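To begin, one chain is listed below as structure tokens, in the form predicted on its own.
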């Protein structure tokens, strides 16, 4: 799907700020934004920088972005209050293919919950929803959804102590049949989910993160193998992932230098 969204910024004021947890805040904007779950927008803070964010809440008259305060830009964004002015471009990219009446598993890791939130709201009740995080403070929207949800944390401070793939594997081995699996979170987690899906022949869609400068595929900053994440993704299905040689292996820094994925995410948190 070719994206021909207008590249000019739309200037909007923050209408509401909601502190989700010590680590996260959500900024709401009163604006009608055409959007498909999994797409993203470019958010500009005047005098600072521009970064990509997914839409975490969406209605006909309002949308929101949820931000984890971990780098210079995100800490500034989280500090914004009602009335602050920001610019947006988009939405960009390809979102999730949604099958509302199918049996689905949604697997979220940490802030990977944000891109999946609007997807969950469009799926049916026959959905298994697994959310993992480092600790209780990193669990997003614990009471938001009207479907059964399983939680796990690395330190055992909330829910099951372990990994999302442990719970997904338990579901599959118990005989639960899934038509589709959706995932977003740390890439090592998504790779493990994808491998589990491949083993059991379940179609999988994941949402990738890469450094994005333009948002519509001309600068090449977000390449992953032969794919341009902002234009060809950020959502990729099993067919694309099988041929994506850099998936869970390499990424480009802002300078264009190719590095191991662990070094890339260390840089992203600065």
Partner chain sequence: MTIEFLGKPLKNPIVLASGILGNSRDILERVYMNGCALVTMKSIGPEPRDGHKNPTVIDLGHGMINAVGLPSPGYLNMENEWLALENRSFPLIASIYGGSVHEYQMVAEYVSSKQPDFIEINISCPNSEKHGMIFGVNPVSTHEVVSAVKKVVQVPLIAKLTPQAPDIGEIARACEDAGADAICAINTAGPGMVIDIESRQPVLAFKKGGLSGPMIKPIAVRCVFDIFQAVKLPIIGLGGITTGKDAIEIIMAGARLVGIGSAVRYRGLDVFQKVADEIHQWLVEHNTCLDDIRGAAHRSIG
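Fair warning: this is a prediction, and the values are worked out from it, not measured in the lab. Positions refer to the first chain, counted from 1.
Not on display, but discussed next: the form predicted in complex with the partner chain.
Undergrad: Any idea which of 61 to 69, 221 to 229, 25 to 33, 198 to 206 reaches within 4.5 Å of the partner chain in the model of the complex, heavy atoms considered?
TA: Correct option: 221 to 229.
Undergrad: Do residue 16 and the partner chain share at least one heavy atom pair within 4.5 Å in the model of the complex?
TA: No, residue 16 is distant from the partner.
Undergrad: Determine whether any heavy atom of residue 41 comes within 4.5 Å of a heavy atom of the partner chain in the model of the complex, and answer yes or no.
TA: Residue 41 lies outside the contact set for the partner chain.
Undergrad: Under a 4.5 Å heavy atom criterion, is residue 252 part of the interface with the partner chain in the model of the complex?
TA: Taking the distances in the model of the complex, the answer for residue 252 is yes, it comes within 4.5 Å of the partner chain.
Undergrad: Look up in the model of the complex whether residue 188 has a non-hydrogen atom within 4.5 angstroms of the partner chain, and give yes or no.
TA: Residue 188: no contact with the partner chain in the model of the complex.
Undergrad: Assess the spot marked by 100, 210 and 261: is the partner chain within 4.5 Å of a heavy atom from every one of these residues in the model of the complex?
TA: No: no residue has a heavy atom within 4.5 Å of the partner.
Undergrad: Within 76 to 93, which residues come within 4.5 Å of the partner chain in the model of the complex, counting heavy atoms only?
TA: Contacting residues: 85, 89, 92.
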